[in-house]
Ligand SMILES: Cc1ncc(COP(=O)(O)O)c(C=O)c1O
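Given as C-alpha cells, the chain that follows is alone and in the form predicted on its own.
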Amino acid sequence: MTDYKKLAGQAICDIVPYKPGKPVKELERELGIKEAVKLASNENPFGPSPKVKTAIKDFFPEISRYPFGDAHYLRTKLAAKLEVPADMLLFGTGSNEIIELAIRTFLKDGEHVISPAPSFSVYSSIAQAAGKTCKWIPCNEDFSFNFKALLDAVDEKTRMIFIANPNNPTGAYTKDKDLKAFMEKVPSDVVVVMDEAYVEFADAKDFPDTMTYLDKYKNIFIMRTFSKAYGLAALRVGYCVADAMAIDMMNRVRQPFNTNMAGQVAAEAALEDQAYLQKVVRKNKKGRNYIQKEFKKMELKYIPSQSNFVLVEVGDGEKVFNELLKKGVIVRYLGPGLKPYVRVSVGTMSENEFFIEQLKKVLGK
C-alpha cells in the first residue's frame, strides 16, 4: 500500500486546508431551504460592470486560444491607471498566486514569514506548502496591529512580512502614520507585502496611499485583486506592484499562462468603468453602515470596518453560525481563535435586512 502521507511529508500533513464558505445551493439542498442568503465570502453582491459582461461575450470566439502570458493589454491599461511603469506589475490567479510566487521566489531554506494574527490564514498554508513557516504575532486587544511586536519578531531568518490592510477577518485598518513609522524600521532585506484586497472599500481619511511609498521603500509589495470590489471573484485576477527587479525575479517563477484570458478581458473592461466601481463602493458603504448601526442597537460589540464585511461578537460564534444556517443565512465562523465572533459580508440591502432579522431571532433580541 502506498503511504501518501509519508511521501508528502509532515509539513504537508500539518497544513490545515482552507475552508471556503458553504455554497448557497448546497445549503438549500441540505436543509430544503429556498432563497438562502450567502454573506460568508466577502463577495460583491452587485456583480461586475455591464461592460464586463459584454467584453466576455465578445471574447468567447477566442476561447480556444492561449491567454497572453504577460497580460500585455491589461498590464498596459492598469499601468496607466496607477501611473507606474508596466514592468512594475505582475498578474496572478487572484492574490493567492501572488503570495505563492513571492514566497517561492524570495524565501530560502530556513527562512520564514511573519504576520499579525488574526489575519488571512493562506499566508501560513502557502508558506508551509513551500517548506517554510509563518510566525503569527498577536494583534492588540482592539485588533489593531502590534507593530512593536512585529519588529521585535524580525530576525536574520525573517524574509517577508504580510500586512493585510484593511485586515481580513477583522475589517480594521492601519493608519498612514503608523505604517510609515513601521516601514522606516523594517530592514531593507525584509519584504513587506501589503495585502490590499479590500482597498477600494476603505474611506478613512488617514488610510495609507501605499502607491506613494514605492519610490522610498523598495522593499514594499502592493498586492490587490479584481475579485472583490470589481466583482470578478470567479475569474481569479490579482496583481502586485513592486520594484521592477522584484517583478522580474517573480516572473521567472511564474507559470507561462497563469492568468486566464477571460479574466484579463474582464479586468480590462472593469477598469474602464470606474463610475460603476464607485456605485458599488457607495452601496457597500450604505450596507456596512446599516449593519453596524443594527449591531449597535442590539448592543453587540463589533469591529468598525473599512471593508465589505464586519466582525461581530455574538457569544458562541459556532452556535450562532449553525443557527443562522437553519434560517437560510450563511455567515462565517472563523474557528477557535475567534470563538465569540462571526464575520458577515455586506450584501444587497434586502440581504442585509434579512440577516439582521434572522440574527435577532437567533439571539432573542
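Worth saying up front: this structure is predicted, and the values here are computed from it rather than measured. A residue's number is simply how far along the shown sequence it sits, counting from 1.
As for the form predicted together with the named molecule, it is not shown, yet the points below apply to it.
K.L.:
Under a 4.5 angstroms heavy atom criterion, identify the one residue in 219, 210, 125, 227 near the named molecule in the predicted complex.
P.N.:
Partner contact (heavy atom, 4.5 Å) among the options: 227.
K.L.:
Considering the named molecule in the predicted complex, which of 118, 287, 94, 231 comes within 4.5 Å of it through any heavy atom?
P.N.:
When the named molecule is considered in the predicted complex, the option within 4.5 Å is 94.
K.L.:
From the candidate stretches 145-153, 267-275, 95-103, 202-210, select the single one in contact with the named molecule in the predicted complex, where contact means a heavy atom within 4.5 Å.
P.N.:
Within 4.5 Å of the partner lies stretch 95-103.
K.L.:
Using a 4.5 angstroms cut-off on non-hydrogen atoms, would residue 74 count as touching the named molecule in the predicted complex?
P.N.:
The answer is no: residue 74 has no heavy atom within 4.5 Å of the named molecule.
K.L.:
Is it the case that residue 236, even though its partner is missing from this view, gets within 4.5 Å of the named molecule in the predicted complex, heavy atoms only?
P.N.:
Yes - in the predicted complex, heavy atoms of residue 236 and the named molecule come within 4.5 Å of each other.
K.L.:
Quick check on residue 168: any heavy atom within 4.5 Å of the named molecule in the predicted complex?
P.N.:
Yes, residue 168 is a contact residue.
K.L.:
Does the named molecule come within 4.5 Å of any heavy atom of residue 198 in the predicted complex?
P.N.:
The answer is yes: residue 198 has a heavy atom within 4.5 Å of the named molecule.
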